[in-house]
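In structure tokens, the next block holds one chain alone, the form predicted alone.
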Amino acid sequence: MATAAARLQQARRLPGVEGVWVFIAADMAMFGLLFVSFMLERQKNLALFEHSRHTLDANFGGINTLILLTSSWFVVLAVDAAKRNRVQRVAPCLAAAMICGFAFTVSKALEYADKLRSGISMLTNDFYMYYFALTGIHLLHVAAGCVVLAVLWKRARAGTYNSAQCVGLECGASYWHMVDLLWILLFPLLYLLR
């Protein structure tokens, strides 16, 4: 009976370690404050925010969403492979997730370059100040996440992760999923909200 209870308790645990979840909660809270600030400023000048929103290319935002969702899927596959002791599958899945992260970065750089060529910058108006600040902070998170994925990939190539040893992998995966979730909130907020 005690063994079944122990297994149930282990099955219910959060992936990774508690400190990572504290960091994720704090990061999400910071973004939450930025989202609220954006919405309050938007209410002050709906016409400006709506006009500026129309200059964004929702195709870029949609492609970026697909890229990050795909990367999270690869991270899920990597964690699942480790938990099933399919050690040889972990590193390729992490590499694919990392490639998606780099693709997101390239796509975002192209979008920024298009805006800057059009004479639009963070100083153009309040909408663009929020657009560049929110997406720029998110892009820094993507870059940090790519570094995390690279470290995990290197360790996975050495056969580090398996069913008995995957807490570090879970920590990195949790962070990467947070980065994905932030974009899923940013995309409609900036590109679609009318």
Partner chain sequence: MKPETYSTDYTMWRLLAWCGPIFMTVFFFMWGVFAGNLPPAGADLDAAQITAHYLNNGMAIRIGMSVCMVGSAFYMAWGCAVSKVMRRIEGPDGILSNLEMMGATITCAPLLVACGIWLTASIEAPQLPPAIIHMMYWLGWMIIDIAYMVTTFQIFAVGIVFLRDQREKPLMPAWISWWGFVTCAAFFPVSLIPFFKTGPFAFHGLFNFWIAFFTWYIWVTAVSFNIIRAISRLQQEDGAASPSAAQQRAGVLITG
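Positions refer to the first chain, counted from 1. Please read all numbers here as calculations on a predicted model, not as lab measurements.
The protein also exists as the form predicted together with the partner chain; that form is not presented, and the subsequent description refers to it.
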On the criterion of a non-hydrogen atom at 4.5 angstroms or closer, are L66, W153 and Y161 all touching the partner chain in the model of the complex? no
Could you tell me which one of L139, A58, L34, L48 places a heavy atom within 4.5 Å of the partner chain in the model of the complex? L34
Within a 4.5 Å heavy atom cut-off, is L123 in contact with the partner chain in the model of the complex? yes
Is V22 close enough to the partner chain in the model of the complex to count, meaning some heavy atom within 4.5 Å? yes
Is F127 one of the residues lying within 4.5 Å of the partner chain in the model of the complex, judged by heavy atom distances? no
According to a 4.5 angstroms non-hydrogen atom cut-off, is V17 in contact with the partner chain in the model of the complex? yes
